Ligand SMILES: C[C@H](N)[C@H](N)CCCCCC(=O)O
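Just one chain is shown here, as C-alpha cells, and it is the form predicted alone.
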Amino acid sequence: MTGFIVTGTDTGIGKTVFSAALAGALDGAYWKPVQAGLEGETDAQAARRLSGLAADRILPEAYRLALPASPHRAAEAEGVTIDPDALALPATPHPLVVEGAGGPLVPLTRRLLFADMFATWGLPVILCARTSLGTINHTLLAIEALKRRGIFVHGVAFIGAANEDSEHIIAEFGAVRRLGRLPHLAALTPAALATAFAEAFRRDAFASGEIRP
C-alpha cells in the first residue's frame, strides 16, 4: 500500500481541503478514520465534493460520532470506546490519503493518541500548517512530537498567504521539506482547487508514500 497521512497543527486550518486535493492529484482514495461531528457537511463529504474522485474512492469512516469534539470525548458521549483494531488501514489498490482529526496529539481514547496510530500505520506524514502568526511554534512542536515517536515526516504543506520567513525557518529548525503552499481560494470549486494544487505543489514531491517498517 502507498499513500500519506495528513495531519495539522490545529483544527480548522484547511487539511480537509488539502487532503481532497492530494487524493485527487494522486488519483487515489480518501479515508477519514474517525468523524466527530455529523451536522452539516462531513470531511468525507467535502473530500468527495472537492477531489473529483468517484464515490467509491471515498472510503467509509470506521467511526461516525455526532458530537463535534475530540474523538475520545465524542465516543464517550455515545458510550463507545474506539478500538485501535478497527482502525486498520483499509485495503485499496489506489494511493491512500488518510486524514486525521486536529493535530497528531489528539486523543482517540484516554490511552491512545492519533500519533500512536500514525506510528502503527507506517505511512509518511504530511503536516499542514497555517502561515499566519503563531505557526512557527505550533508547527515545530508538532514536528517534534512526530519525530520523537519515530514517525517519518514527509514534509510540511503550508496553507494561506505567503510568509516566506516563517516557512523557511520552520523547514530549517524542523529539518523537514517544504512541500509547497496552498493559498486560500475565493471560489473553492473542484476545478479551482485542482489548478491551485498543481501550481503550488510538484507532483514528484509525493512520489515516495510507501509504508515504512
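All residue numbers are counted from 1 along the displayed sequence. Worth saying up front: this structure is predicted, and the values here are computed from it rather than measured.
Although it is not shown, the form predicted in complex with the ligand is what the next lines describe.
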property: Segment assignment from 116-124, 101-109, 82-90, 131-139: heavy atom within 4.5 Å of the ligand in the model of the complex; result: 101-109
property: Proximity to the ligand in the model of the complex, single hit among A161, I169, A145, A69 (heavy atom within 4.5 Å); result: A69
property: Contact assignment for the ligand in the model of the complex, among I58, A36, V156, L26, heavy atom within 4.5 Å; result: A36
property: The ligand contact at T195 in the model of the complex, heavy atom, 4.5 Å; result: no
property: Partner contacts for 159-191, taking the ligand in the model of the complex and a 4.5 Å heavy atom cut-off; result: none
